[in-house]
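So this first bit is one chain, no partners, the form predicted alone, shown in C-alpha cells.
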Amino acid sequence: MLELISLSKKYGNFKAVNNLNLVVKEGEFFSLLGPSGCGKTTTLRLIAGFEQPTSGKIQLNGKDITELPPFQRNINTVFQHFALFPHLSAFNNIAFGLRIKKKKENEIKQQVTEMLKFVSLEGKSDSLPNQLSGGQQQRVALARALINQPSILLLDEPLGALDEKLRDQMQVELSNLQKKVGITFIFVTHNQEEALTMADRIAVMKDGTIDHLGTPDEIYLKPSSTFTASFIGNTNLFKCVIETKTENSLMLRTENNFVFEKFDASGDNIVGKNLTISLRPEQIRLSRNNPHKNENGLKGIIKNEIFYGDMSIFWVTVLENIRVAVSMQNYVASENVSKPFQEGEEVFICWDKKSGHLITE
C-alpha cells in the first residue's frame, strides 16, 4: 500500500534518513521502532508531507505522492500531545475536519455521534479537553483523525504522555481499535514493549536505516544483529568462535575460553567462523546443582537481585567478571517451593543446548 523507495533526508551533512526502502501492507499495524535520533520520526514526517525528502520517492497505492502537500495525501497524524483545540468540545474537535470539508451539519452530527460511540466517549461530547483524562483525550484525537477515513493513520509516540498503567490499557484499546477500523496504522515509538504488544510487523531503525524488519517474535527471538538483540528487551551477548562442527551441533569457544555446545543444523556455519550468541534472561535458569545433560552450565556468584514483584532479575558474575542477567518468576513461599536464591550465593547458570540465537556480523 505504502512504498518508500531509496528515501533520504539530510540536514546539512547529517543524514537523518539514509536510503530507506520499505513496503507497508494495507490494513497492517506497522511500527517504526528505535532509539532517539535513529530517524523514525523524520520518516513519519516525510510520509505525512511535513518534510520533503532530499532524494527518493513515496508511493501510496502506486501513486507518487512525494511532492504532494499534507492535505492532499489522505494521511492523518495523531501526535504525542494530541494537539486538541482547547476551546472546542470533544464533539467539535472531532467534527473539525468534516467542517473544513464543508459537510452538512446533519451529516456531521450523525458521523461524530457514531464516532464518539465507537471510541466509548458517548457521554463526553460536550466536555472540553481539560475536562477529560489523558486516555479520553487520546481517544478524541484518534476519533478526529479517523472520522476523515484516511488511507493511513500515523501515530507519533501517542502513548508517551500517559502514565504507565493507562499506557498499558491504551495499548490494548489501540490494537483493538485498529482491528475494528481496518485502516493501516504506522506507529512510531522508542518503547519496545509497545511495538511488541501491538504491531503486526516492526522496523527497528538505526542511523537512518532499517536494521531489522520482521514480526515481533522474529525480532525478539531471532534478531539479525547485536544492535537489535540488545535494543529489544534484555539479552546476554557472548562473542565466540566455532571450534568444531557436527551435523547437528556446534562447539563454541568464548573470548574467555569457555567451551559450550549449541544444537544447530545450519549449513552456513563453518569451523573458525566468528559469531555472537544472544541468550535472553528467561532462557537461563539458576541452580544449586550441576547442569542437566542437555544443558550448558557455568558456575558463578549472584551479585544483585532486582525485584519486580512478579519476577526478579538476578545478576550473576561468571568467567572473570562477566555479568549475566537471569530472570525468574517469583512464587508465593510454601513448603513446596525451594528457598529463594540470595545475593552472594554460589550457583550454576544453566541453559538448554537448543536455546540462544546465533548472530553473524
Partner chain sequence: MDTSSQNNLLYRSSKYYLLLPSYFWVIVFFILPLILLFTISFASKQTYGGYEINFHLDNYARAIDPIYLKIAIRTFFYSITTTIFCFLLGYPIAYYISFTDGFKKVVLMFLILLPFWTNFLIRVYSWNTILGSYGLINSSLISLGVIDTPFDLLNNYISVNIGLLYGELPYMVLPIVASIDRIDRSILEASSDLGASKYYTFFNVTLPLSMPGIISGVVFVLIPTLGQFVIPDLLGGNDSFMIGNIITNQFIVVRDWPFGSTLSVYMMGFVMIPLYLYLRYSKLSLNSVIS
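All of these numbers come straight from a predicted model, not from anything done at the bench. Positions refer to the first chain, counted from 1.
The next section is about a form of this same protein that is not shown, the form predicted in complex with the partner chain.
In terms of contact with the partner chain in the model of the complex, the residue from Q138, T189, T77, S278 that brings a heavy atom within 4.5 Å is T77. This chain lacks the partner; the member of K165, R253, R99, K109 within 4.5 angstroms of the partner chain in the model of the complex by a non-hydrogen atom is R99. The stretch in contact with the partner chain in the model of the complex, judged by heavy atoms within 4.5 Å, is 65 to 73, chosen from 304 to 312, 65 to 73, 30 to 38, 317 to 325.
Mapping the unseen interface onto this chain, G267 falls outside it, with no heavy atom inside 4.5 Å of the partner chain in the model of the complex. By the criterion of a heavy atom within 4.5 Å, N248 is excluded from the residues contacting the partner chain in the model of the complex.
Among residues of the shown chain, V119 is not one whose heavy atoms approach the partner chain to within 4.5 Å in the model of the complex.
When the partner chain is considered in the model of the complex, V181 lies well away from it, no heavy atom lying within 4.5 Å. Taking the partner chain as it sits in the model of the complex, the stretch 76 to 90 comes within 4.5 angstroms of it through a non-hydrogen atom at N76, T77, F79, A83, L84, F85, P86, H87.
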